[in-house]
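First, one chain by itself: the form predicted on its own, in structure tokens.
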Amino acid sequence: MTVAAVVPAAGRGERLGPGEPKALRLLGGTTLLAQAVARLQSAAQVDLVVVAVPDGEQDRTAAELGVRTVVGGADRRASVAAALAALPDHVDVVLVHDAARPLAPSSLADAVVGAVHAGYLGVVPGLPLTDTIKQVDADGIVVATHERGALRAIQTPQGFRRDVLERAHAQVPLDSPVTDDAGLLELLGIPVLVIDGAEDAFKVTRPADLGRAEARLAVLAGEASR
């Protein structure tokens, strides 16, 4: 099977504060996007990477990162759909990965692909929750406390059989309240497997997350030099 990794990187990332789009923020002397792409390219199971970028960034991104590029859409889902449409016909498995998770290890991508190869139509990595999770109403009053043992914090890369992901994008209405591609499969009643995630696959959303990523990158660099 041929595996393509799709990276939607056309958004602004407003919660990270003013400046460059989130994917182009610097981390370790390069960008979040470059860090994420490098780890995907190092994965044994990934054959090519396609990045959805803002209009006008296609050629520069392709030259700098050695990837295929497409113009992204108005939101994450539209960017993923644009990248899907640009994939070669022989691609069988698709990973969808957020540039905002720049340190997700290559081994995580390989593990997700391995589960798809084993026969699962959709696979996502996730970590057990350690905090107590409470559901509140519009006024902030607690209405339920959820059993955290059955809950997972979901990460990327998420893996899918290509035909299934394309069908989900085509059939689920655009106004459906989903925040990841696995949610599209769930709305169609397609089972999604959760495998063990990775601590390093955390998401950079706010300035403090960027500081955490810088610190962790320094640790990884030190371990690699030993």
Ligand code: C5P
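Here the structure is a predicted model, which means the values were calculated and not measured. The first residue of the shown sequence is 1; numbering continues from there.
Keep in mind that the form predicted in complex with cytidine-5'-monophosphate is not shown, yet the notes after this line are about it.
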Q: Spell out, yes or no, whether the shortest heavy atom distance between Arg216 and cytidine-5'-monophosphate in the predicted complex is within 4.5 Å.
A: no
Q) Is Ala99 a contact residue for cytidine-5'-monophosphate in the predicted complex, using a 4.5 Å heavy atom cut-off? A) yes
Q) Within a 4.5 Å heavy atom cut-off, is Arg25 in contact with cytidine-5'-monophosphate in the predicted complex? A) no
(Q) Can you tell me if Asp75 lies within 4.5 angstroms of cytidine-5'-monophosphate in the predicted complex, counting non-hydrogen atoms only? (A) yes
Q. So which of 194 to 202, 164 to 172, 42 to 50, 66 to 74 is the stretch with heavy atoms within 4.5 Å of cytidine-5'-monophosphate in the predicted complex?
A. 66 to 74
